[in-house]
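Heads up, the chain below is alone and in the form predicted alone; it's given as structure tokens.
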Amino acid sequence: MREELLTFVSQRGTLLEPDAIEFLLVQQDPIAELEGFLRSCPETPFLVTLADIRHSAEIARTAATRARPVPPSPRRSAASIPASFRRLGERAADAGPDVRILRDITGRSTCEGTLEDFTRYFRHRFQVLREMLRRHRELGGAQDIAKAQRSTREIRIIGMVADVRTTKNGHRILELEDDTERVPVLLPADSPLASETVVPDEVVGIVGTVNGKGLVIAASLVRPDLPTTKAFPGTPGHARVAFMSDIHVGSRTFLDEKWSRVSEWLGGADEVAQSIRYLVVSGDVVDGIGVYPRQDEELTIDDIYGQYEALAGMISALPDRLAVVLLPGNHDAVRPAEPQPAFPTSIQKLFDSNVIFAGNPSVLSIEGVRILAYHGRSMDDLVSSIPGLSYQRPLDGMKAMLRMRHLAPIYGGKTPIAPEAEDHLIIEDVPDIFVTGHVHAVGVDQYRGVVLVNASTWQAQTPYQKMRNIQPAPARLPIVDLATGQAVIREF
């Protein structure tokens, strides 16, 4: 039961205090107990404590004395889908799919890698995020750094983080710059700001004072973040969209039997399967060729077009009602630098007409619901830069992206980024659904009204993952109801 409880917690994107684990394990239904608490939270907490669980249980007992008692519901297995989700499902309509690509880089790339390209790219990033920050009440009247440095009163500045370091006394020093100047900012070790993790190249606002040596002493740090919780827009019918990622066709570790199961289920009589109208696949659809040293030893298909032909055959066997959206990832046959364009025509022509090709990242409209789809390679940089983040907890990384309003804030790390005229990795418009893949985990959650989905892989543990002790969570299918935003995960 302990392992099942920890798996459930990982899928929901939170942590359990050790005392809370021990308390739950002696309850009649630990997962139902925890699920009840999480359902009562406006957003998933980073850590669930014993006090949280006990307080939630006390509220539940009080409510039970005022209501008609009902028998406890059995704990759902990971493969089951709640009755409420089944009850709302409608057969996918015969009408044509309603999918529009609102934004991606396809056909619009202009960068040549010149110094002017880089200057223009970073200037665009800074200007867009600065305008977002200026809309925050705390940063009203924000000044340029050069002007603020001459002030003897409280100042408000906005800048891009050029450097982050920690002093021997535990203070954090940020080097913050804008169009006019560069200034050091102190996050005192004895203040709540000491726990703030700041990454290079993100854009932040600072409220504080300037000392006699030109050092800004920060009183608060403001990120662009999402506005307060918004309602899910919803569609008139209950069509569903399913999410996949990292299929890795052509790899020896591709889970052929699991794929057969999901394909058979999607084409079967199950009412939830029949309500799925769309399938979004967020990159690494094939394993690729020459992506890493000695990859050829781990392939069953050693021709790149052969891999895409095999994938095209698998997708063509899915029900005709499914509109499939394919994005590339770092294993796919497009440029490695993000933003990545859609697959070239030579690959697209291998697929049936029900497949829609988009870049990575892309903003999609599916029946009017705005979906931000991103493969998620920047998770590599965030995991190595933000304490507490891990590949098993991708939802926390996605929340960090939303708070910074950027999909890949760290430039020059593990994620190659092309210096386009505009920064296509900025999260300008607030999506209704945000989906990533890449880390071979799975999870669903919400953040300030945005439905979060980390799509599962269809590849077993690779030799590299075994060496790094990374345990994938393969063959899970997240499904979101476009009418309500309710999300479930079906295991195969």
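From 1 onward, residues are counted along the sequence shown. What you see is a predicted model; the values in this text were computed from it and never measured.
Another form, the form predicted in complex with a small molecule, is not on view; read the next lines as being about it.
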Interface membership of residue 330, the small molecule in the predicted bound form, 4.5 Å heavy atom rule: yes
Residue 34, heavy atom within 4.5 angstroms of the small molecule in the predicted bound form: no
Contact label in the predicted bound form: residue 424 to the small molecule, heavy atom within 4.5 Å: no
Contact of residue 380 with the small molecule in the predicted bound form (heavy atom, 4.5 Å): yes
Interface segment, criterion being heavy atoms within 4.5 Å of the small molecule in the predicted bound form, picked from 404-412, 227-235, 260-268, 330-338: 330-338
Output flag, 391, 464 and 468 jointly within 4.5 Å of the small molecule in the predicted bound form, heavy atom basis: yes
